[in-house]
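One chain follows as structure tokens, the form predicted alone.
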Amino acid sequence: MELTGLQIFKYLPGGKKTENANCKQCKQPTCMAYALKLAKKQVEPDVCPYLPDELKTLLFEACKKQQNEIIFGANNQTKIGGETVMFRHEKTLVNKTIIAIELNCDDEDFDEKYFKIKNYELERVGEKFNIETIYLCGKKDIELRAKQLTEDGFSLIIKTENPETIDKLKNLNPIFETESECPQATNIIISSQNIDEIIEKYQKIHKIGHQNFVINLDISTKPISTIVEELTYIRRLAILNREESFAHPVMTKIPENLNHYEVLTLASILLCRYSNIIVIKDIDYATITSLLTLRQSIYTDPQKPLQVEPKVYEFNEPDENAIIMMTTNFALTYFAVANEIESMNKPTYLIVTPSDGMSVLTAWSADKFTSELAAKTLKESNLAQKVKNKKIIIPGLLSHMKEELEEELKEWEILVGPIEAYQLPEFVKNNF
């Protein structure tokens, strides 16, 4: 746990009110000033000659990495680990969980599976997602396959027991899963069903000189309750106790012989508690789409709302008879409305107000969507000169603002739209 300035101060001469209090030998005016800067890592501990051993020990523990970050892929494009909190509301989560698809070089349908992986793409709330990482196993042409996948932009996790293969592919900067001792490999997986065995393997491999580890917890024979308990235990040891043996990202493989619903259920649990890499044997578009949607929700920074650029968006080649709508720049609201507008296939202008990424009611309650702001945004858009239609559809949740907006926008007719975006097509059909 990070030490606060006040916690540090209690150990210093100034906090204990003993001799040498506020001696200024640290070049700070007081012990409190030094403690505050030390907590922010703006000064070094050794500049204070009276730092007690007990505080030195606490500072050493506080400086330990909680979970190492591993960057892999030929272009260093993929990051895992680096987490510092148990839950995202405490601060934020750093690197999203990787959904890796297994490809076996010995499978006859290798190319067919690879085609599906390569061509998968999802766009949601303004973000595009695809499969970034492949778990490559088997023996047939594995070196050739690995180079092909890397050229196509994939990061790799490679399972092999052949030291020569590891030596030839190490320049691709993959993560290697192997039981052989390979000091030339940069990123190594430690595999075990047993948490105590992880410590033993870590200590053994660490002596060889490896620094970057991934813990592969074998969950193939365990009930879900045990899986969650063990993964949570490992994360607590890393984040709260700063145990060196567990300060590494965790990988889990979905067991074979599960149907799509079981795979989705288990993978969703692993995504929430606390797998950094989830390996899935087969690609099913519905399963992957569901997992990436869940992942996007979990790894959205709660301190930075999803938002789009506030401006006037044009749909279906708007002309002087175009419909005009207005909403906030909260991304979920925007894309829900935009999807319905596109499906209507009617020329439309959508005015998106600058609302700090807040939803409609939140923006109104925080004075981020006011009649004055709406009027200003409309005037800056110059839509009055572009359209004959003088009707504006506002969100149904803002029906109480109708009179205010009509007062500000005297030449415009304010129409209170539906509450839900999916009701827009029917509303437009009945009013235009």
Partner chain sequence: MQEKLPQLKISEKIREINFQGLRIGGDASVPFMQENDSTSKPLLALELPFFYEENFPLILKKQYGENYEITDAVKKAESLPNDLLSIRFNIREDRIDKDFAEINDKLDEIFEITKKPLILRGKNNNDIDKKLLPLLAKRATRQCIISFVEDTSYEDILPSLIENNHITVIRTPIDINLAKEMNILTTDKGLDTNKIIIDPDMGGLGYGLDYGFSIIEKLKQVGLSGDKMLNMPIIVFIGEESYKAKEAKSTQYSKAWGEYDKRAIMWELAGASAVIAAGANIVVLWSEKSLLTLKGVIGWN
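Positions refer to the first chain, counted from 1. Quick caveat, the model's predicted, so the values are computed rather than measured.
Form predicted together with its partner chain: not shown, discussed below.
Participant: Give a yes or no for Ser191: in the predicted complex, does one of its heavy atoms lie within 4.5 Å of a heavy atom belonging to its partner chain?
Facilitator: Ser191: no contact with its partner chain in the predicted complex.
Participant: Is Tyr285 part of the interface with its partner chain in the predicted complex - any heavy atom within 4.5 Å?
Facilitator: Yes, Tyr285 is a contact residue.
Participant: I'd like to know if Tyr120 sits close to its partner chain in the predicted complex, meaning any non-hydrogen atom pair within 4.5 angstroms.
Facilitator: Answer yes; at least one heavy atom of Tyr120 falls within 4.5 Å of its partner chain in the predicted complex.
Participant: At the 4.5 Å heavy atom threshold, is Leu237 in contact with its partner chain in the predicted complex?
Facilitator: Residue-level check for Leu237: yes, a contact with its partner chain.
Participant: Based on heavy atom distances of 4.5 Å or less, which listed stretch (170 to 178, 67 to 75, 194 to 202, 157 to 165) is in contact with its partner chain in the predicted complex?
Facilitator: After filtering at 4.5 Å, what remains is 194 to 202.
Participant: In the predicted complex, does every one of Leu373, His400 and Asn431 come within 4.5 Å of its partner chain, counting any heavy atom?
Facilitator: Not a single listed residue reaches its partner chain in the predicted complex, so no.
Participant: Within 4.5 Å, heavy atoms only, which of Asp141, Glu262, Glu244, Glu132 is in contact with its partner chain in the predicted complex?
Facilitator: Only one listed residue qualifies here, and that residue is Glu262.
Participant: Taking its partner chain in the predicted complex as the reference, which of Asp218, Glu314, Glu229, Asp152 has a non-hydrogen atom within 4.5 Å?
Facilitator: By the 4.5 Å heavy-atom cutoff, the listed residue in contact is Glu229.
Participant: Does anything in 278 to 300 come within 4.5 Å of its partner chain in the predicted complex by heavy atoms, and if so which residues, in order?
Facilitator: Residues within 4.5 Å: Asp284, Tyr285, Ala286, Thr287, Thr289, Ser290, Thr293, Leu294, Ser297, Ile298, Thr300.
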